[in-house]
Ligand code: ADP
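Quick setup: one chain, the form predicted on its own, written in structure tokens, and binding and motion questions come after.
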């Protein structure tokens, strides 16, 4: 009977077969967008083989996934989700095959495998499936015949044999899940930047590269707009204690940023960065009855449409017995959000639905922020002095998020970065 590692649903691997000295490397689309870059990746893999076997997870080449999506929508305005997953998975199939061919020209014993061949099983959900099982005995058997195993990221297979895809950041999730299955201590995520910065260096030149950051901080930064690694992969790494290293494919000797549990991190660094997310919209359903269960009906109705609600706020209305409920959603979800709320409005007897697309989230993130009220005071003072109006505020143990006008977001981020001297962290 095959041994299985449960990844995204259980807390501990069940019956996983550990593999000795396996390095897990993941290369994104920019790292393999051309044959020349695939050759460069092959050389990195060959160098790592000096330390033992290598498991390589690869994304589709460059903009291949976007191109395949375009083709699908030329065939159908609403492509069948099963067939769409089957189509999108071919991008990774191309890149793993080419990389395996390249490795063999370097005299590396390499083998390419799809999720189906390896046994990466997911739930029966298309476009955003979660990994349930990985057949660890298949993994061990594959390494008996090769030194470098090249695995297609972003994809899985259901129990009945249908191909699924894992959604945005899916290749990162594949790599971390396989690292957990193989018992690897590290998972190296290779991309086109040096690592994780205190903010976007393209917008804030003073942004500093972080040598180390905690899982929690990276999850917050990723969910708040930073786009280095997907939060789902980081959560999985935290669950299994896999240390992530974000590294630059084109500077293979650079150690990049290490992501771990962040033990003792707050002692020497309270704040790690500023994140900006402009792909947001604010929605208000006005004059809803002040009754138990109303918020549940609003959020529940949106949840049925797979719409994630964030920064929800309920405000008392001057008219007794009525409230306004305001929240943020992703810009791409705004049309469906408005449609759903218009339907609920009639059912609940609400007055109107208003949307504000001129918003952005600017967030201060750090592991040591809890219990330091002076941080919030300095943040609000910084924005107030610059005449930047704050539309909404939310906070947690690791973040303070302010909603501002979209056109002021970059300015706000730079001012906050300067005010907290994050270039010195």
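None of the values given here were measured: they were computed from a predicted structure. Positions refer to the first chain, counted from 1.
One more form of this protein should be noted, the form predicted in complex with the named molecule, which is absent from this view; the next part is about it.
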Response to the item:
Among 224, 283, 196, 298, just one has a heavy atom within 4.5 Å of the named molecule in the model of the complex, namely 196
Item to complete: Go through 235, 310, 200, 147 and name the one with a heavy atom inside 4.5 Å of the named molecule in the model of the complex.
Response: 200
Item to complete: Indicate whether the named molecule has at least one heavy atom within 4.5 Å of a heavy atom of residue 327 in the model of the complex.
Response: no
Worksheet item: Does residue 190 make contact with the named molecule in the model of the complex, using a 4.5 Å heavy atom cut-off?
Response: yes
Fill in: Contact flag, residue 395 vs the named molecule in the model of the complex, heavy atom cut 4.5 Å
no
Discussion item. Considering non-hydrogen atoms and a 4.5 Å limit, does the named molecule approach residue 30 in the model of the complex?
Written reply: yes
Item to complete: Just one of 298-306, 200-208, 341-349, 126-134 has residues with a heavy atom within 4.5 Å of the named molecule in the model of the complex, so point it out.
Response: 200-208
